[in-house]
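Presented below, as structure tokens, is a lone chain in the form predicted on its own.
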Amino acid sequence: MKENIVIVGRKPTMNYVLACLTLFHQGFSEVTIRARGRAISKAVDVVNIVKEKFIPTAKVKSLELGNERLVTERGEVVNLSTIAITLAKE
């Protein structure tokens, strides 16, 4: 499993920004930000904050969109959108 993945969830946006910056400062040249469902907009915010405020040389290397099928506790099948954005530091 890769160690350079940040999975965005319910925590404040800046927690994920700090996680990305920490990975870059640990020596990773690429960091992947993953999210699904309602957290997708927060993942996009994280990428924009990292690029605009902290690492202006960072570029979006890849962007993957997809969906997952989940079964809820009630037995309902739900499609959930997913995103994976890879940032590369030059």
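Model, not experiment: these values are computed from the prediction. Sequential numbering from 1, following the sequence displayed.
From this point on, the text means the form predicted in complex with another copy of the chain, which you will not see here.
Hey, in the predicted bound form, is Pro12 touching another copy of the chain, heavy atoms inside 4.5 Å?
No, Pro12 is distant from the partner.
Does Ile55 reach another copy of the chain in the predicted bound form if we count a contact as any heavy atom within 4.5 Å?
No, Ile55 stays farther than 4.5 Å from another copy of the chain in the predicted bound form.
Answer yes if any heavy atom of His25 is within 4.5 Å of a heavy atom of another copy of the chain in the predicted bound form; otherwise answer no.
His25: no, not in contact with another copy of the chain in the predicted bound form.
Is there any non-hydrogen atom of Arg38 lying within 4.5 Å of another copy of the chain in the predicted bound form?
Heavy-atom contact with another copy of the chain at 4.5 Å: present for Arg38.
For another copy of the chain, considered in the predicted bound form: do all three of Leu63, Asn67 and Ser81 come within 4.5 Å of it, counting heavy atoms only?
All three within 4.5 Å in the predicted bound form.
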